[in-house]
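Here we start with a single chain on its own, the form predicted on its own, put down as structure tokens.
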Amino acid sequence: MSKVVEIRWHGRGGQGAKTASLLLADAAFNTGKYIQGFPEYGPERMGAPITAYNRISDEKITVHSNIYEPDYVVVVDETLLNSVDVTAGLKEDGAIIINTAKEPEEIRKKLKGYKGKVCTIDARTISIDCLKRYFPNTPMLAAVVKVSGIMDEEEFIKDMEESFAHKFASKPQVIEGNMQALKRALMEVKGL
């Protein structure tokens, strides 16, 4: 990968889109990539729409702005399709990844004529099954790695296991569920 891969995340405050973008940046950095991971803030509050971004490259990144023409868009909350133009600027040779139980062709109807790849993943079910609570960011993080191919999946899993061991050192009981959610999400993305 010699070009810069740009990813835009859409979610709601409290769903972990910002955290997932930062975890993706950390994991890519640990594989030797140059990275950026940053949120765009406005008058955020729990449940309000938020945007976060990633740039990942094999070469030094010299651009320091928001991302207006992403290669990939990740939609953590399907309800945003009704209020946010999530496909704005999205390259047609990239993909959009949406947290929904619906099939990709069913969701395409809501994407304002976007002609590129549409991928879906039921992050709600995965999260509740594996974590016993609704934390969609963990499955969505794995889904973007699967769809984009920005890093080796085995390296990603190994890095996330180390990251979770550090992040959840005081509550190791949550590590196994998070790892299960990541592995399951890698297998359950639709539309590839």
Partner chain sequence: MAIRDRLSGNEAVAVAMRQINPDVVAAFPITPSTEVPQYFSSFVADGKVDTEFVPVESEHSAMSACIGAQAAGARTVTATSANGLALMWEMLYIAASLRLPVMLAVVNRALSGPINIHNDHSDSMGARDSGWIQIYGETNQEAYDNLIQAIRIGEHPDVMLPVMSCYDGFITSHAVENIDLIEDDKVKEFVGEYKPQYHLNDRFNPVSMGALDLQNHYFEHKRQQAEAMRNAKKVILEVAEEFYKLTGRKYGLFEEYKMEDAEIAVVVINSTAGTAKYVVDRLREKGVKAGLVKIRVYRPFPVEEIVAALSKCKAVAVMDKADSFNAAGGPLFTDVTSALYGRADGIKVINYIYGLGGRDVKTDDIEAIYNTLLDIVKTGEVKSVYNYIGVRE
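Residue numbers count along the first chain shown, from 1. From a predicted model like this one, the values you see are computed outputs, not experimental measurements.
If you look for the form predicted in complex with its partner chain, you will not find it shown, but the lines that follow are about it.
Residues placing heavy atoms within 4.5 Å of its partner chain in the predicted bound form fall in a single listed stretch, namely 60-68, out of 119-127, 60-68, 135-143, 148-156.
For the chain shown alone, Leu131 is not a contact residue for its partner chain in the predicted bound form, no non-hydrogen atom being within 4.5 angstroms.
Put simply, Asp26 is close to its partner chain in the predicted bound form: some heavy atom of it is within 4.5 Å. Shown alone here, Lys167 lies farther than 4.5 Å from its partner chain in the predicted bound form, counting heavy atoms only. In the predicted bound form, Gly32 approaches its partner chain with a heavy atom inside 4.5 Å.
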